[in-house]
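Starting off, we have a lone chain in the form predicted on its own, written out as structure tokens.
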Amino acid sequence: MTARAQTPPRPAALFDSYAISEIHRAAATGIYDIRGGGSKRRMPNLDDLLFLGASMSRYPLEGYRERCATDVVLGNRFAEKPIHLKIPVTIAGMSFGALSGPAKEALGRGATAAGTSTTTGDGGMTPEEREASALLVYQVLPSRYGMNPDDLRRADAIEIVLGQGAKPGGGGMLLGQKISDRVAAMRTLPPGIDQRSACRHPDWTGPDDLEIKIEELREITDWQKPIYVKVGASRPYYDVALAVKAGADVVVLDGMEGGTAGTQEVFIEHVGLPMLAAIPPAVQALQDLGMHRKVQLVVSGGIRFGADVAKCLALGADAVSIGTAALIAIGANDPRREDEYRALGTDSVAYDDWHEGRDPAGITTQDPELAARLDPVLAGRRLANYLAVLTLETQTIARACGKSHVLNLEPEDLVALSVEAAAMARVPLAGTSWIPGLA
């Protein structure tokens, strides 16, 4: 008799190795998992969209002879001094505490060289960051860490944070090993003790209260500074509409692909909307209120390439904001330090233990020896180079679609590669005129 052929082992689709390891970890420890970074699951995203370049029915622009502008004005609804950007890419809020002092300085240097803005994040404004940043947006979060009227006036814009794409409805975390004496002093916290930021602002519970808070901030800053309102993408139509009615100059919409310094993994992977699904209803809200391009929409979450920027602008955004990509540009997840990442039980590609403060690149740490590894001048140049490439790629696509300004890109320039992406982005499935879900 011949031996029966062995059937190769087949892992379960639901109970794969990751699910099994997580169940074992939870059973052994009794606590949920915390990590940094963004979502790792596959979801419909900007890669599922393509541009329709010009040929006969549309004429492209000649790249070496015809201008394609990239400038953007943010906050000209009520503020006397709106923000003028040379490029449609800004740097998202990432706190001193989550990031090292040299990393914050590097972000300011790179943004300034590129002609755009950077953002403080939770925890207040450092002198190095203010000095390095020609345009600095000051975040007001539920924790109010480090907030004072003098810094509000020293900022160029104010961003009220109601939510983050990585954790809409949840607060932030900063473990004790990252709360150095300087971080503790800025936040009025005891050093070395875990800190969790609140998930909602303590002195308002809805849009009517938010309107009062915006008025207070305008009075403090003498109506000079634009007021942004940032929301995590979950109910973008209503959240954007309410932010506009409360008096926001700019709305920042953060998709679930956005990163975080540290939170529960269940938030990162299971709460919120991807950017592809969030932008169209946000734009629809602005259009229904007659405020599209009057109240600017800045979107963030998973932006990597100029094509991503161009697609967001074509869907109706005025600018994008980058966080994780900016950290990678200044040196995060550096493959040259692969041995050190492996010593931490990970590798340079998968490293997401930003909350632990042991970053070999010196970016997501408060360890003075590790932080000293990052040269803010060199890192700032790297960021400026990256922003220049993003801008050139965005211009290249805009010219190919016959646009003399990147903000002239429109949904008509896009098609989708899948039914899901077509339905979310509200653009036709490639090769058809069909937009799923629309009559």
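The model shown is predicted, which means the values in this text are computed figures rather than measured ones. When you see a residue number, it is the position in the sequence shown, counting from 1.
Below, we turn to the form predicted together with a small molecule, even though it does not appear here.
In terms of contact with the small molecule in the model of the complex, the residue from G302, P236, G108, G272 that brings a heavy atom within 4.5 Å is G302. Contact with the small molecule in the model of the complex, judged by any heavy atom within 4.5 Å, is made by just one of D122, D249, E129, D318: D122.
The partner is not drawn, yet in the model of the complex one stretch among 156-164, 205-213, 221-229, 288-296 has residues with heavy atoms inside 4.5 Å of the small molecule: 156-164. In the model of the complex, the small molecule lies farther than 4.5 Å from every heavy atom of V137.
By the criterion of a heavy atom within 4.5 Å, Y351 is excluded from the residues contacting the small molecule in the model of the complex.
For the chain shown alone, M94 is a contact residue for the small molecule in the model of the complex, at least one non-hydrogen atom being within 4.5 angstroms. Put simply, C312 is far from the small molecule in the model of the complex: not one heavy atom of it is within 4.5 Å. For the marked spot (L99, L141 and I322), a heavy atom within 4.5 Å of the small molecule in the model of the complex is present in each of the three residues.
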